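Only one chain is shown below, in structure tokens, and it's the form predicted on its own.
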Amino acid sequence: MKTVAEINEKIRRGEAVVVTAEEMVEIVKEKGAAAAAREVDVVTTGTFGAMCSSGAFLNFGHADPPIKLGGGEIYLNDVPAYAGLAAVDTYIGSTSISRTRGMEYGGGHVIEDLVRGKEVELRGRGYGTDCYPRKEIETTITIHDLNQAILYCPRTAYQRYNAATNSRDETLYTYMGTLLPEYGNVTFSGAGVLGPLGRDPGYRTIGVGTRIFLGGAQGYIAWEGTQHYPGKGLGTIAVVGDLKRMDARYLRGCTIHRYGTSLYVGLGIPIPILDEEVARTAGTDETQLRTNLLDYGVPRRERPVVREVTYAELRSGRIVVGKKEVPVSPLSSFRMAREIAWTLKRWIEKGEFLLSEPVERLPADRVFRPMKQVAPVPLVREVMTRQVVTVGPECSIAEAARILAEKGFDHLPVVDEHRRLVGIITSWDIATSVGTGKTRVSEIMTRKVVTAREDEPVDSVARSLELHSISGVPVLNERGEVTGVLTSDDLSKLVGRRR
């Protein structure tokens, strides 16, 4: 048994034995947890990934004459910042996007620019009061002009993070990156063996007040993170630190393609090896670290679990999904996580970083609950047109034209003998086929069809219609059979009923 105070004294004397989590795995394998607990004093960890809940509190100081930006508008490099604080305080979130550059530049990039010492344009509007008469200001600032610049991230360092794949027949652009159709790839986040919370899953040494590596400087765990759900192995932490001391190598603004902006944050936590149990969990290898592979092709809160996977499988670069082997790509950088763990190790060995005991343990009983919704979510099956008319691929174009004209609609699904979708034609397809010599539906139909599922929320279908510039989609059941059609007219009627 050791105490944090005893380990700190060894750090001061330069006698502490500090190893990274990767090294600890090998020590535990070779010598066992009991011997590792006697030999090792501290295990260092690291992670470097997009942490979308990140942001920074900034204080600009007062202008002359003074202006009350609180309740007004604040823009940093044309990125909206929060104006609901006091006169010249703001919070800029990493996912706020530029009004002019869109997803190419956002709050995460502003934070990185500040840390790099770059000038940032500040534009603000107030509404004028007796004590704050000024209504507009436009200036430039650097991080050195700010009184305080505080990185505060309400949710970071998930204990484990679900992996992602996509069962749909179209590419999806998500916070888990680009997901190819029909289980074409898998993406994941997290540092596996180096992941901080995974090294101490019982939170015996990690809690409020724990000193950590944050963005290249020393920071602290401020509280449990939002969506903290330890019962499912989904613990999170809120962290805080002085942005003025940080290094842009460990804070990088990013754009997730067709999703939005974020901030890559480097974070590491030292694990004091107090006893054999802490040594055992700190030395767990990646074959024992498991997470779920979720199907992001189902746009629901509870996405289906495709299978359970280990981090050893994920980091191998390929895993089996169903009956095929698919490529796996990480969204976080293991190389940077390793660098963070080694940097923290050197700090401790040099006596530049002492451990701190938590002033309060992280709760182990929190449950992550979904948003309360007072109205049910309309599903496709409740809105779609059920009297669907279909044709086979050998149907003549003339007959398809007659059906469309007679029934007064624009979408005609093409199905095989089992009523499984093979294509779709529209009145536009028929109009453009005139004079081409084509006679069969199979010659003009669109074979790669955007579809909807019966149990899909209508909001996600509306998104597909907008994204693909189409006015309707066939609806399929779980067997892939056509059971209806959902059109923009159906959605318009739904909106009318809501009003």
Partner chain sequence: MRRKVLLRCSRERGGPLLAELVKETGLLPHLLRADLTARGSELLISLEEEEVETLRTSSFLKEKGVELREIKRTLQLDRESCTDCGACISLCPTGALRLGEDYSLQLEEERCVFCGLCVPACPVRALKMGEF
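Everything numeric in this text was worked out from a predicted model, so none of it was measured. Numbering follows the first chain given and starts at 1.
Heads up, the form predicted in complex with the partner chain isn't pictured, but that's what we're talking about next.
Not displayed here, the partner chain is approached by residue 255 to within 4.5 Å at the level of heavy atoms in the predicted bound form. Taking the partner from the other structure, the partner chain in the predicted bound form has a heavy atom within 4.5 Å of a heavy atom of residue 180.
When contacts are judged by a 4.5 Å heavy atom cut-off, residue 185 counts as touching the partner chain in the predicted bound form. Within 4.5 Å of some heavy atom of the partner chain in the predicted bound form lies at least one heavy atom of residue 332. Checked against the partner chain in the predicted bound form, the candidates 119, 104, 242, 78 yield a single residue with a heavy atom inside 4.5 Å, and that residue is 104. The listed set 347, 91, 264, 296 contains one residue whose heavy atoms approach the partner chain in the predicted bound form to within 4.5 Å, identified as 264. Figure note: of the listed segments 390 to 398, 225 to 233, 361 to 369, 320 to 328, the one touching the partner chain in the predicted bound form, with heavy atoms no more than 4.5 Å away, is 320 to 328. For the stretch 335 to 356, the set of residues having any non-hydrogen atom within 4.5 angstroms of the partner chain in the predicted bound form comprises 335, 336, 338, in sequence order.
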